[in-house]
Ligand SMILES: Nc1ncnc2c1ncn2[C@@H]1O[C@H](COP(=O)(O)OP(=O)(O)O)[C@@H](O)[C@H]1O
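We begin with a single chain expressed as structure tokens, specifically the form predicted alone.
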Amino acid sequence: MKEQLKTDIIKLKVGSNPVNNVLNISDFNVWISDNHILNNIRLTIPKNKITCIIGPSGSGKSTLIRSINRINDDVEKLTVTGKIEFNGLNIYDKKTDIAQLRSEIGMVFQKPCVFPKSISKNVLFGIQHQQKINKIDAFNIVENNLRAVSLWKEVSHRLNDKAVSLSVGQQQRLCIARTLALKPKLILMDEPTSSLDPVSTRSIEKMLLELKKSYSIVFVTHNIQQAKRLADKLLFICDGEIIEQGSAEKLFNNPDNNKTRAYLNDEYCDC
């Protein structure tokens, strides 16, 4: 009994307990034609944390998160090897229900992508394709998710207005509300504030720090200061390889790799 207890403690110390992770990536590679975009990626995404991915342009950041809900599937001459395990299953298994996967792993893009519909219909767009909703439930879903992204007070009096009438920052929060309405287990964000002004950016950052209490978030950013404000876990990727990953506090204060130190201090990477 004592020996078993010791073994269990050792496993916990090395972080082998999958209960704490929402997603596990092992030996993952991506080629587009002959171009090796991602090389032997190994990564775990912790629950109820913000994992920030940083790295220079062309390093593979977007390819990585787009692989997590298979948005890259339509890319011509795409080849994938390795595993991305979500809910205990490899998402690249032939039996995977892609529509279900994308409802459980939501995606927010660099530029807000609102539909040519009303504000309320934008929030309901995804969930209405999954189930029938009566008017009372629909209103509650709209209100709850707009409140979650701090948009309710700004738009509650104009829910029937076109979504395109909102500011760019409001549109991005609306896109996040639309994602939340599906109750995903994981939210992927590919530089969602890069086209926003500083005020809108800080508003979304503040919102994300609240949302991580209920959601697991992967956030790609070029902005190192933004990563400092948001990240629980930090991943530095360059030339398709993970150079270093770990707690944000550790990497920002005392990284193990000189390339990580150079990038975080000078935004320079000699990969």
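Given the structure is predicted, the values throughout are model-derived calculations rather than measurements. Note that residue numbering begins at 1 and tracks the sequence as displayed.
Only in words, not in the display: the form predicted together with the named molecule, which the text now covers.
Note to self: Under a 4.5 Å heavy atom criterion, is G58 part of the interface with the named molecule in the predicted complex?
What the structure shows: Flag for G58 set to yes.
Margin query: Is it the case that Q226, even though its partner is missing from this view, gets within 4.5 Å of the named molecule in the predicted complex, heavy atoms only?
Written below: Residue-level check for Q226: no, no contact with the named molecule.
Margin query: Test of understanding: in the predicted complex, would L209 fall inside 4.5 Å of the named molecule by heavy atoms?
Written below: No, L209 is distant from the partner.
Notebook entry, point to check: Just to confirm, V75 within 4.5 Å of the named molecule in the predicted complex by heavy atoms?
Noted result: Result yes; V75 sits at the interface with the named molecule in the predicted complex.
Next item on the list: Would you mind picking out the stretch of 242 to 250, 49 to 57, 226 to 234, 210 to 218 that comes within 4.5 angstroms of the named molecule in the predicted complex, counting non-hydrogen atoms?
Entry: Heavy atoms within 4.5 Å of the named molecule in the predicted complex occur in 49 to 57.
Checklist line | Partner-contacting position among I37, I68, I204, I41 - heavy atom within 4.5 Å of the named molecule in the predicted complex | finding: Comparing distances to the named molecule in the predicted complex, the residue within 4.5 Å is I37.
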